[in-house]
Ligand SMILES: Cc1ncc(COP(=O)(O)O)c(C=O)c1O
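Next up: just one chain, as structure tokens, the form predicted alone.
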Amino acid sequence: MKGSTCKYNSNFRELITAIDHEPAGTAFITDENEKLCGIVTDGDFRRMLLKGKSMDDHLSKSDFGDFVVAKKGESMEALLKKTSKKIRIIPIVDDEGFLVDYFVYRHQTRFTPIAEPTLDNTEYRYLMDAFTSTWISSRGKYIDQFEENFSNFIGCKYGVAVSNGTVAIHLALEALGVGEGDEVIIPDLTFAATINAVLLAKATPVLVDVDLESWTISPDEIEKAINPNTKAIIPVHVYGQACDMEGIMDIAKKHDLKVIEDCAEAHGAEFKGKRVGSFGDIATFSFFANKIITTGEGGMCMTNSAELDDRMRQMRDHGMSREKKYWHEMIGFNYRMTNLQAAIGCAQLEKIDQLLERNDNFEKQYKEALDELGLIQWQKEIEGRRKVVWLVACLSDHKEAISNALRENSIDVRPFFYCLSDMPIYSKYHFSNKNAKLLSEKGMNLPTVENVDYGLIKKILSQI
């Protein structure tokens, strides 16, 4: 624990180093005799910065104030009695006051959210590294690192980090020259960001049906919707399921169409051994807080084309020449990601395999707990595709009753997206949606977080 201790008169740079060293996010403060005299948590550190402290300021006793300790050998019952909502870390000292260990208690809240980011000291350490470097805007080592590492993960040559997943789609459309007079085929069952980006590019969306088995865009319906104005297809790997990219790419090649993969919900999903995002002309990802990995807000465009990579980078930065500062060669946008966001993304990417495995286990535990009730049909595993769990997704004829029962017990549950063509602002773009409508009516997402009480959920649903 030596690395997590800090002298009482240390400066704030030394303090954050000690906090980063300890998994509990806490620095243990010692006096001139090495005896414990206070603790500072990462939350305390943030509050001190907000009150005007600088990284070069030194600690004073008023910074760590009162704290609760336990003596070596105290029982678990005694330790628990010392905790509260405000006191979760109890330093353990010997008879002379030297730190020997500590106890952490994580108080649980009753509410179970649908999703929450998994953040730990790695994210905090990288974020503080970016913060203290003063490279907090759209340049810095973490942006380059995140783009390179995520590209390697997906299996693409280039990654262009952007401010969110919606602008990623718009940037892709603009880079491919899709605009007024062009039609873009998209699934009717997807989040509105997909269609909004098409409209922002002044193109015309065409909403087609999805496949009932995979829930993803139907190649047969794509083929039916193609006409001389069709310029592009945006297959959406919805709820972690890979689209039939072989069928879609064959159609695109046959009709000379551009393909933009929307992979916002499917980091790591695969089709025939290749990760989604590596098939189309450009692929887009979202790193919103509820996604498999997150940067808070953020997104990325992926491509194997050096020309498209260069074009997207220039358009992302106001259309400015990459050789001549403040010389603008095209209409562009401020779609840049910050170094702070990318720092979090780098840390998240380091554990993406564990996050994917964890989410798979969440789904397995739901199945084990609820299958015997016969109320739910789970998202299918399809041969040749690797589905990933973004949110645990399922169908039920008892959707309303299940949703109401869980919400009454402070367990969040979300319906599937509405069919886009059901909404008046998008209805004129309807082409076909029979299956999409059925899935939207029956589909729901269950909490995909740690500490779900599957036994409680089974007990609640057994009464339906």
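Each residue number is its position in the shown sequence, starting from 1. Predicted, not measured: the structure shown is a model, and the values here were computed from it.
Just so it is clear, the following notes concern the form predicted together with the named molecule, a form of the same protein that is not shown.
A.B. asks: Of these, 131, 153, 288, 378, which has a heavy atom no more than 4.5 Å from the named molecule in the model of the complex?
C.D. replies: After the contact test, the surviving option is 288.
A.B. asks: Just one of 388, 143, 193, 394 has a heavy atom within 4.5 Å of the named molecule in the model of the complex. Which one?
C.D. replies: Of the candidates 388, 143, 193, 394, 193 is the one lying within 4.5 Å of the named molecule in the model of the complex.
A.B. asks: Does any heavy atom of residue 264 come within 4.5 Å of a heavy atom of the named molecule in the model of the complex?
C.D. replies: Yes, contact at 4.5 Å.
A.B. asks: Decide whether residue 172 counts as a contact residue for the named molecule in the model of the complex under a heavy atom distance cut-off of 4.5 Å.
C.D. replies: Judged by the heavy-atom cut-off of 4.5 Å, residue 172 is well away from the named molecule in the model of the complex.
A.B. asks: Quick one: does residue 298 come within 4.5 Å of the named molecule in the model of the complex, counting heavy atoms only?
C.D. replies: Contact check for residue 298: yes, within 4.5 Å of the named molecule in the model of the complex.
A.B. asks: Mark residue 277 yes when one of its heavy atoms lies within 4.5 Å of a heavy atom of the named molecule in the model of the complex, and no otherwise.
C.D. replies: Looking in the model of the complex, residue contacts with the named molecule do not include residue 277, since no heavy atom lies within 4.5 Å.
A.B. asks: So which stretch, 115 to 123, 198 to 206, 92 to 100, 183 to 191, is the one near the named molecule in the model of the complex (non-hydrogen atoms, 4.5 Å)?
C.D. replies: Going through the listed ranges, the match is 183 to 191.
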